[in-house]
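Same chain, two versions here, written out as structure tokens and called structure 1 and structure 2.
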Structure 1
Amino acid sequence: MKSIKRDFTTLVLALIPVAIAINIAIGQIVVLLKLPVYLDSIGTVLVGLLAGPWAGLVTGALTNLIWGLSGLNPAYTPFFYVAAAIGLLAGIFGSLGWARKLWQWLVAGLITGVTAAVLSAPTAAAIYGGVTGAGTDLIVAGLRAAGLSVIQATFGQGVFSDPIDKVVSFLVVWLIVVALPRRFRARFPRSTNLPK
């Protein structure tokens, strides 16, 4: 319980709404452009890395709940648990020190992407028939045209898009953290696990 409380410092509590806004803003742009990725977890991964798994989990879950319930993109609400898992994993990998080496951090993004694909496919298939209004719908449509079932096509799209999406997101976060002044980075709960 102490470690959870330690992770939610005043600075982290101020960062979470900013991270949520970053997720929604970038995510909305990607949806409007119909790109075959999401890029809606950059803020979540950033909080997970800087503040730990629980703060990442909260940021991810709140992003999708606020995004969906605000009416901006209701299709994303049911995926709040996937966004929470992304934040949790970013925090775990960060706590393990994987961000100290870029290649390890990118592997963490790859693992997180595969996990997100596995977690999200059943919901996307069951609730939306694989069509969520994102640019990834084109991939689902192509796989369906090739004869795959809804769940197979949705899972195939996820295995293709999610790892790419999370590797890019993890890379962007790594570049952001490296660019932050050391004195500022030192103010976060997980600063000892950050890249030099």
Structure 2
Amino acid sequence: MKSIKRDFTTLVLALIPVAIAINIAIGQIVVLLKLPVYLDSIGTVLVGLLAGPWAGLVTGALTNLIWGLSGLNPAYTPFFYVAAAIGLLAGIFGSLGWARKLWQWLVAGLITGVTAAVLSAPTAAAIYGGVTGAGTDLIVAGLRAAGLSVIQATFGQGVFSDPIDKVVSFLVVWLIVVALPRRFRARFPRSTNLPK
């Protein structure tokens, strides 16, 4: 408990709402650019890397809960546990020192993406009948036509989209962290995990 509290400094508590707002704002830019990814976890991954797995977990879960319960995007709310896992994993990979080398950090993004696909498929199949109401549904349709079951097709869609999405998110976070002033970076709890 003590060690968890140590990660939540006032600076981190000030960072989390900004990170959630980043998730939401970039998530909407992506919709505007009509890209086949979501990129709604850049802030979550950033907090995980700067402030550790627990802060990442809180940022991810709250992004989906707030976005959903504000009434603007309620379809995201049931996936709050997936977003939480993404923040947790980003923090764990950061703590393992994987963020110091870019290729390792991108592998971390790939693993996080596959995990997200595995975690979200049951909920997507059980509540939404396997669809997202967006362009990625074409993949679901193709896999169903190929004879896969509902849950298999949902998982297949996730395994196709999520790793790409998370690798791009992890890359953007890496570029952000490298561009941050060193004096500012040093004030975060996990600053020793960051790339040079």
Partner chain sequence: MSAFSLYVDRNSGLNRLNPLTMLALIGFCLVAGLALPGAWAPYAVFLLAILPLAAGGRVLRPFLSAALKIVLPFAVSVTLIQGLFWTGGTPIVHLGPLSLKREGLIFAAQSTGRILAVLGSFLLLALTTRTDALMIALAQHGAPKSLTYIVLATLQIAPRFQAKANTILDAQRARGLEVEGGIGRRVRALIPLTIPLVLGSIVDIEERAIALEARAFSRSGPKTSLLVLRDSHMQRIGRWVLVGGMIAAVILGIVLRR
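All residue numbers here follow the sequence of structure 1, with the first residue given the number 1. This is a predicted model, so every value here is computed, not measured. If you superpose the two forms and keep the largest set of C-alpha atoms that fall within 1.5 Å, you have the rigid core.
Taken from the structure described as the form predicted alone is structure 1, whereas structure 2 is drawn from elsewhere.
Core-superposed comparison between the two structures: the C-alpha position of Leu148 differs by no less than 2 Å.
With the core superposed, Val31 shows a C-alpha displacement of at least 2 Å between the two structures.
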